[in-house]
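Only one chain is shown below, in structure tokens, and it's the form predicted on its own.
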């Protein structure tokens, strides 16, 4: 079993998993590292460039981990939204036909 799962159905992606834990743990580390790195870069310290580079790499890794789950949930949401809008449009047309009829 791989450490990070990359394929999800919408139902599976909606549940809390190890990938969510990775994202929760990495996000404050990335935020703090990037903030500190940029501040040190502005002072032209070499440590700032190193911290910024590591933080950017962690951000890319975090995105790589959590993006498949977000896409699966988003695709399901869009499909449900299209169905809802189609039903709403049909309902509005039906009511307009009722009002237009003599």
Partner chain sequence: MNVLFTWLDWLWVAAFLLLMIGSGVLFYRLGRRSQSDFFLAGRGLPWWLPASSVYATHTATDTPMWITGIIYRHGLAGIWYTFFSAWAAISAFVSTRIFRRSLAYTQAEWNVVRFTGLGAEMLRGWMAGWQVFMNMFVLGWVGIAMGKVCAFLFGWPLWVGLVSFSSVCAVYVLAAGYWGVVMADFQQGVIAFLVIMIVSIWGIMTAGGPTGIVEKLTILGETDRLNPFAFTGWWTGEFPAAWFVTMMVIAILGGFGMGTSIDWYPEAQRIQSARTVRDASYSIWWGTLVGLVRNSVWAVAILGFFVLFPGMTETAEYEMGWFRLGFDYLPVGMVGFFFAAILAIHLSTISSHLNLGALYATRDLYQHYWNPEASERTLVWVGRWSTLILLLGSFVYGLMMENITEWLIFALWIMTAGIWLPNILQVIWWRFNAWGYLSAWIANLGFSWLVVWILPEFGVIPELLDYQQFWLLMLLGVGVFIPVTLLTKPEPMDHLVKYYVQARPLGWWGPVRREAERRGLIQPDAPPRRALSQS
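Numbering follows the first chain given and starts at 1. Nothing here was measured: the structure is a model prediction, and the numbers come from that model. The term rigid core refers to the most C-alpha atoms you can superpose between the two forms while keeping them within 1.5 Å.
Keep in mind that the form predicted together with the partner chain is missing from the display, and what follows is about it.
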Does the partner chain come within 4.5 Å of a heavy atom in each of 23, 27 and 31 in the model of the complex?
-> yes
How about residue 18: is it within 4.5 Å of the partner chain in the model of the complex, going by heavy atoms?
-> yes
Within a 4.5 Å heavy atom cut-off, is residue 93 in contact with the partner chain in the model of the complex?
-> yes
Any non-hydrogen atom of residue 77 within 4.5 angstroms of the partner chain in the model of the complex = yes
Touches the partner chain in the model of the complex: residue 5 (any heavy atom, 4.5 Å) | yes
Would you mind checking 26-48 for residues with a heavy atom within 4.5 Å of the partner chain in the model of the complex?
-> 27, 28, 30, 31, 32, 34, 35, 36, 38, 39, 40, 42, 43, 44, 45
Has the Cα of residue 79 moved 2 Å or more between the shown form and the other one, judged after a core fit?
-> yes
With the core lined up, does the C-alpha of residue 88 move 2 Å or more between the shown form and the other one?
-> yes
